[in-house]
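Below you will find one chain, with nothing else, as structure tokens; this is the form predicted on its own, and questions on how it binds or moves follow later.
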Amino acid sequence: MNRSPLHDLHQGLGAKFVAFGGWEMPVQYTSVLAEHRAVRTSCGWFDVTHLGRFELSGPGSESALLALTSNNVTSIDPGRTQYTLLLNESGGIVDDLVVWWWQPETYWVFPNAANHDHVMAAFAAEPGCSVRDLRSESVLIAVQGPEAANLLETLLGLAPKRFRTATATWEGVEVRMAGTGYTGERGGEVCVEPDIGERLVEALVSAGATPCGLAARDTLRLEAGLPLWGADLDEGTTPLEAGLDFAVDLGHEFRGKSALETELARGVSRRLIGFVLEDKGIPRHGYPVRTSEGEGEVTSGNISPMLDTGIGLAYVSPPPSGAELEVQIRDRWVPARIAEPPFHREKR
């Protein structure tokens, strides 16, 4: 089992640990609710060193991104980031990725933890490409919340703008970061050498940032309506079913394009929808759902700490035209309404 270089620091902060994607990572420190609310109202930080990351460079790097992923990297410029998808020939989602573009022929690619080796190997096999595994030489720290940008500016002298990369110098060492995250809040993700990362985390704690674990990260991403690979996304799910059309650019050739064009022409048979319970209950992965037109199942669900009610994501077939559905929780069907994420911004 892999451990973050920050493991001892987490222990000192009282972390409880869980196995995730082959790593032993903090699941919580105090309470999930307190950590969740800290990110929504002020600032929290997460050790996300378990996430995959590798440098992609060489004269074939742009061609490889175009050939292997559904989005069009040429639609952005160096200094920006892009969410994209690696598909199979059937249009299924092998992984969802974030790309940080530093300069011509130099990118950082961030797969999910469990898919790192497979994704890196796929790019390494493309002509004119060189890959370098960044996990062994860095830690990745997410700083998220309404006060995150101010805190990063105070500590590092600058904060990355949304979906942009930035470079700073802290204690004489280069710090790479981007205005990305997985909570629905502003802030950034910071990649730095392990020893510097430990001191940076200590500085974040001293400045008042709340340590947060993977449990809060999951409730935050669900409130924001962000899908999770392995739960809401997999190789049997297409971007059109998942509502990720924005990450598909049919203006270039890529693996899985033909299947998506066929699906687009005939229409999707199911759709990922968001819902909010109208009664008490906690929706869980795998729970059945039904509408007046069809049925499906929950892929992600929990109690929303900000709404204090159950929320979730579910695939429903056929895609519902109305606003009502029910979720089976144990032996009863609980009424719910279809809602467009992010859930936490709803007016109640």
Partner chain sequence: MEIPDDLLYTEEHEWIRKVGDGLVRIGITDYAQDQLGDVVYVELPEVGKEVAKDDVLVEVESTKSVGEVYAPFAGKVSDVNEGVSESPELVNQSPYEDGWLVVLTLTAEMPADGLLDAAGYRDLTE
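Bear in mind the structure is a predicted one, so any value in this text is a computation, not a measurement. Residue numbers count along the first chain shown, from 1.
Here the subject shifts to the form predicted in complex with its partner chain, a form of this protein not shown in this document.
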item: Candidate stretches 179-187, 273-281, 250-258, 234-242 - the one whose heavy atoms come within 4.5 Å of its partner chain in the predicted complex; value: 273-281
item: Heavy atom within 4.5 Å of its partner chain in the predicted complex - residue from S63, S317, N302, S42; value: N302
item: Partner contact for R337 in the predicted complex: its partner chain, 4.5 angstroms, heavy atom; value: no
item: Any non-hydrogen atom of V32 within 4.5 angstroms of its partner chain in the predicted complex; value: yes
item: Contact flag, Q28 vs its partner chain in the predicted complex, heavy atom cut 4.5 Å; value: yes
